[in-house]
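What follows is one chain in structure tokens, specifically the form predicted alone.
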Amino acid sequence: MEEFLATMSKEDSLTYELSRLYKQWGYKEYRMAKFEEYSFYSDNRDFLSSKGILAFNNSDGRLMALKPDITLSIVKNAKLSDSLTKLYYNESVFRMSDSSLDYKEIKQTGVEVLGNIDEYLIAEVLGLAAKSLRKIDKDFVLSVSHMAFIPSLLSELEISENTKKDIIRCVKGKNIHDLRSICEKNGVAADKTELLSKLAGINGKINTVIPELCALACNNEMKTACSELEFIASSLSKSPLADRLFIDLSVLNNTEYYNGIIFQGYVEKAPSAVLSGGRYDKLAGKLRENTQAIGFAVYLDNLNLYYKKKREFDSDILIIFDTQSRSESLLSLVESFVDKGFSVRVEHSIPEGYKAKTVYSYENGALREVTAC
């Protein structure tokens, strides 16, 4: 199996390994249509990370769109029952590039759980997120946050929505100086400003930071969140992945859609998050009444750039034969090598830059080993 995966690109081998991981944990593969009606995504544009939607007119006149998001489609179309709906997917989305006005295809794999979300399921999904990151690189960090802290505290303040957005930008950027300045300018009480500053500055391993975080909890939402985080930390405490989980309240998502746990995953060689997820009951409830949901996506599209595989050989065997000679037995010889597990390429001449472990010349119905390339 290792040799088979070694021949694949990072993206392809990860797709295989992650699918296998999710199946082992009881998740069922979900396949979806490439298109949805444009109005569906337009109505939920605020949820999309990219505001551009690639649209076209269908043969029946309807305005359709290539999927810019998978979570929306799953919540809308997945079959629900009294039991949990636990799904994984390997799909592509189409989004506008941050650096240009061009659209690009982004390959994703991930999991979604719809149903009655409890503390165990949250711990399970976080554990799967950590395991997914480890498949990419053993040197990874999973940053965990909770929407009950910064957003719930901001909801208590009598300040404008624009001011709240400015504060959230400061929290995301860990800009405590400007955060204090904005609070002072807008009449936020000194004790609330201090609490916001402390919450925004919290960052550390989950087991180490939780006591400090819970000591700052000042309302019921925060206290409930602390209980949830303590359960997660306890559930994952015996896992070797526990040291890779960090609390970082600067991780924030849209408060109109997300609630509870949110998280982002990073690996050593990639400059930005390669995994993102969280609990999104507000979005799920908007599309399917009384539905709770949690999930995450792994972004595979750029991993081949950051994790280039250096293969010593292009194939195990290269066979060169003269087109002027009879070669009736060549196909059976190639098949005999393939049946033994070797990779084989047959050519009329050695391709430029090609490397093989062994090179044969096919002459008079037999193989003769020649200098390796």
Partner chain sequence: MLNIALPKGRLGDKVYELFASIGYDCSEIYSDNRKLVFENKENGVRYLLVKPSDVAIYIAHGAADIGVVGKDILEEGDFDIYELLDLGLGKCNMCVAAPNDYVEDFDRPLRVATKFVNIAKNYYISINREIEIIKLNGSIEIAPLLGLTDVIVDIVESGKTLKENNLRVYEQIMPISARLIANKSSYKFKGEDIDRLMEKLTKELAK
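As the structure is a prediction and not an experimental result, all values here were calculated from the model. Numbering follows the first chain given and starts at 1.
Another form, the form predicted in complex with the partner chain, is not on view; read the next lines as being about it.
J.: So, a 4.5 angstroms cut-off on heavy atom distances: do all three of Phe140, His177 and Glu268 pass it with respect to the partner chain in the predicted complex?
T.: The answer is yes; Phe140, His177 and Glu268 each reach the partner chain.
J.: With the partner chain left out of view, which of Lys76, Lys104, Lys172, Lys165 would have a heavy atom within 4.5 Å of it in the predicted complex?
T.: Spelling it out, the residue with a heavy atom inside the cut-off is Lys172.
J.: Considering the partner chain in the predicted complex, which of Asn203, Asn207, Asn116, Ser155 comes within 4.5 Å of it through any heavy atom?
T.: That would be Asn203.
J.: Is there a non-hydrogen atom of Ser250 within 4.5 angstroms of a non-hydrogen atom of the partner chain in the predicted complex?
T.: Ser250: yes, in contact with the partner chain in the predicted complex.
J.: Which of these stretches, 187-195, 209-217, 105-113, 141-149, has heavy atoms within 4.5 Å of the partner chain in the predicted complex?
T.: Every other range fails; the passing one is 141-149.
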